[in-house]
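Have a look below at one chain only, the form predicted on its own, in structure tokens format.
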């Protein structure tokens, strides 16, 4: 129940398309979405392959509840990351996952490489590989509009020029503004010559107990209009800008500061006056997606993370200008967090005389929107010095001999939460399986609500959050619903929708197993404890009077390993 019952396997090199029946054991042990993606990647990928090799499989999996009228429209993509060289995973919501379920598939596994640019067309049982020669080189908006004309009422995900050029932090776009952005999996699609996936479905989704589901829907919809989601309804994710800044925990100027005077100007409250339209995903009434109009173009966002990455980190104090850069990243197919972070790093290099006007072709400084936009173009098309930055911040830092300035874990730049002030988030960045990510653990929420927890209690809370977040990404539930959807309610929904007789404790155990399997994948790819270290800068450079103790951090890291049941070096037993 709720599962479509098939995974679509597409071998591009041999042009073989085959639906594979879904194994019930996979469902019971790995749930869906994140669990399916990690398990399948671990099982079918060869160790130590190059991320842009044709041997690197690209896996897309729907959340278990996708397609139902509840806030659970998420899909995840999985492959070895060209940005980190470890597990690559990224997630997006919108209508793509529901439509794929309606077509009869729980996911797609893409193998090998097409000879020429192509897109994959799926309409129920009809699946074909079609030419994308005329789409290659087009931006994401043009690509989606063109394919929508060819295939009305279809849902589309695609890459932009950055993905085609295999930029290390290329994103995947759907729904004109939803992104599977992190870890560069748009580059993996580009390396396979896949420009887009188009899907149109006409099948329904069965549930175990429809009448009971309607009762649950009434409860969910009531909660969506409660105070638990009010901030997201009113302001979207930018509603957090002022509060995090007041906590002196909003990174600024390439992480040399944690507070800006202009936070009010770029806050969710300020953005509300610019919003022209609000959008919601399937089964959701929160409508956190805010559309602005900038220079005649509608822009979804900017989100909190773009306000951090281009706003505070690059010292841009104008929301419309931040939205302009957000749109540029969308069109080029760049992850906006990484793009803003590497731009701030490049500006830092330029100010210190380690990156020159001669190398760039122009001056690059904080707050200079035109120069930053030009810099993003260099990266997306790998022109000149853009070739270096296109490989990611870790490579660029090594190339410029500036490792001490770069802020990343495993090659992935962190989100907009200052680790020197937020200890749970700092540890969350370090142990995140995909690199410095706030959405693998939600550690910032622990720091905001319980700032005085003792070390062991803080780690215990972080592990619980990690497990809960894996459940959200496996079932496909939006994390903005975490105020009322937890493991207890997921167990209830599992009984109603899937017919599972499960418990909250059992679900958390499954989530923990998924995290451990992801760790095993990374260890197999060469991960060591050193890859879980925070940037050296955070131990040496004070911000707002604070810096981290490296000895204390290593002690916390080892305690985390022990509480996970791993070895002192972080290797699963």
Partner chain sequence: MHIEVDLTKCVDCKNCMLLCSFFNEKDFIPSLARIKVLRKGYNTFSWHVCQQHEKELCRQSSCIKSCPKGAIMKRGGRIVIDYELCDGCGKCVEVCKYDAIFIHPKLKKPVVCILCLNCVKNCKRGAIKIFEGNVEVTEKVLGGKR
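Numbering follows the first chain given and starts at 1. Quick caveat, the model's predicted, so the values are computed rather than measured.
If you look for the form predicted together with its partner chain, you will not find it shown, but the lines that follow are about it.
*Asks:* Considering its partner chain in the predicted complex, find the one stretch among 529-537, 34-42, 52-60, 65-73 with heavy atoms no farther than 4.5 Å from it.
*Replies:* Correct option: 65-73.
*Asks:* With a cut-off of 4.5 Å between heavy atoms, is residue 233 one of the residues that contacts its partner chain in the predicted complex?
*Replies:* Answer yes; at least one heavy atom of residue 233 falls within 4.5 Å of its partner chain in the predicted complex.
*Asks:* Is residue 142 near its partner chain? Define near as a heavy atom within 4.5 Å, in the predicted complex.
*Replies:* Yes, residue 142 lies within 4.5 Å of its partner chain in the predicted complex.
*Asks:* Consider residue 131 of the chain shown here, and say whether it contacts its partner chain in the predicted complex, taking contact as heavy atoms within 4.5 Å.
*Replies:* Flag for residue 131 set to no.
*Asks:* Quick one: does residue 404 come within 4.5 Å of its partner chain in the predicted complex, counting heavy atoms only?
*Replies:* Residue 404 lies outside the contact set for its partner chain.
*Asks:* Pick from 192, 324, 434, 289: which residue has any heavy atom within 4.5 angstroms of its partner chain in the predicted complex?
*Replies:* After the contact test, the surviving option is 289.
*Asks:* May I ask you to choose, among 451, 384, 204, 361, the residue with a heavy atom within 4.5 Å of its partner chain in the predicted complex?
*Replies:* Contact residue from the list: 204.
*Asks:* Using heavy atoms and a 4.5 Å cut-off, decide whether 253, 259 and 266 all contact its partner chain in the predicted complex.
*Replies:* Contact check failed for every one of 253, 259 and 266.
*Asks:* Scan 274-304 and note down the residues that get a heavy atom within 4.5 Å of its partner chain in the predicted complex; none is a fine answer too.
*Replies:* If the 4.5 Å heavy-atom criterion is applied to its partner chain in the predicted complex, 274-304 yields 277, 278, 279, 280, 281, 282, 283, 284, 285, 286, 287, 289, 291, 298, 299, 300.
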